[in-house]
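The chain below stands alone, shown as structure tokens; this is the form predicted alone.
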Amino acid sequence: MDERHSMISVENVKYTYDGAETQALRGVSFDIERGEFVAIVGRNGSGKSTVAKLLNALLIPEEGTVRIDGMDTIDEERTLDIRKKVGVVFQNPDNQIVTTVVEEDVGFGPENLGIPTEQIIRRVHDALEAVDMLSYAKSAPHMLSGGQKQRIAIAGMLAIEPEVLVLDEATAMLDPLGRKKIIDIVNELHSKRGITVIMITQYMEEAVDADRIIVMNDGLIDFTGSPREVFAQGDRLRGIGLDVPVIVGIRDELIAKGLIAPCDVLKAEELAELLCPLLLKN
């Protein structure tokens, strides 16, 4: 097999749900390289969650192809191999928790894959440690907070040891503190473990740390670029029902009022570095 292929290759994919009058995806193409962190953003109905389900063969394209590390998702003999490579965490953790003890739930995936018991024990320990939930190993999942449940869902995916982690609106039901914890964990998994991350979200702040952002609208890719490139186009984003991160909005307002020179800062720390000298002058 040619090892030079992309980790994920989506080529002219179209998909229509049963009974729907319009296509959820109308010809989507993109590649994601091994170790890349890509955010896919779009309003409700843009098609981004359909992409998530296509990436581990929960859905199969009606037209076009989806390849995971060279494997075509239409090939049923490769479905298990694909799902070992691509772990998906969905919006509601309650739909992914299947047992009454945290460590058993995290071990459920690798057990179904036929992993030896000794390896499962190690994987469960390492996965819970990675999401800072090791002290809850013997707890009942239903007693945990929403954020803690989502961390358990992520641990369950990590125990499979996927090469790709897809988060499909995984923070949508959490409060800001819970969202920040999940994002911190994901960033660490990407930077320290080299896991390929695909973050599907409506929260623009979650896309700031990505290597690249894919902006979807009405079943198509509207445009793509680095966070600095994408968030320089606030009017274009607002035109399709999205917005820019709060810090970017403040930045743009300060630029519009002539208080700071045009720039591409994205984070509070970067903006503070610009503003502190101005405040000291006064």
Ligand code: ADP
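Each residue number is its position in the shown sequence, starting from 1. On a predicted model such as this, the values are computed, not experimentally measured, just so you know.
The following text describes the form predicted together with this ligand, which does not appear among the structures shown.
Novice: Tell me, yes or no, whether residue 43 is in contact with this ligand in the predicted bound form, where a contact means a heavy atom of each within 4.5 Å.
Specialist: Looking in the predicted bound form, residue contacts with this ligand include residue 43, since a heavy atom lies within 4.5 Å.
Novice: Quick one: is residue 251 in contact with this ligand in the predicted bound form, heavy atoms, 4.5 Å cut-off?
Specialist: Answer no; every heavy atom of residue 251 is more than 4.5 Å from this ligand in the predicted bound form.
Novice: Determine whether any heavy atom of residue 271 comes within 4.5 Å of a heavy atom of this ligand in the predicted bound form, and answer yes or no.
Specialist: The answer is no: residue 271 has no heavy atom within 4.5 Å of this ligand.
Novice: Could you tell me if residue 47 has a non-hydrogen atom within 4.5 Å of this ligand in the predicted bound form?
Specialist: Contact with this ligand, yes.
Novice: Of the listed stretches (66 to 74, 48 to 56, 30 to 38, 242 to 250), which one has a non-hydrogen atom within 4.5 Å of this ligand in the predicted bound form?
Specialist: After filtering at 4.5 Å, what remains is 48 to 56.
Novice: Considering only 8 to 30, what residues come within 4.5 Å of this ligand in the predicted bound form, judged by heavy atoms?
Specialist: Going through 8 to 30 in order - heavy atoms within 4.5 Å of this ligand in the predicted bound form - the hits are 17, 20, 24.
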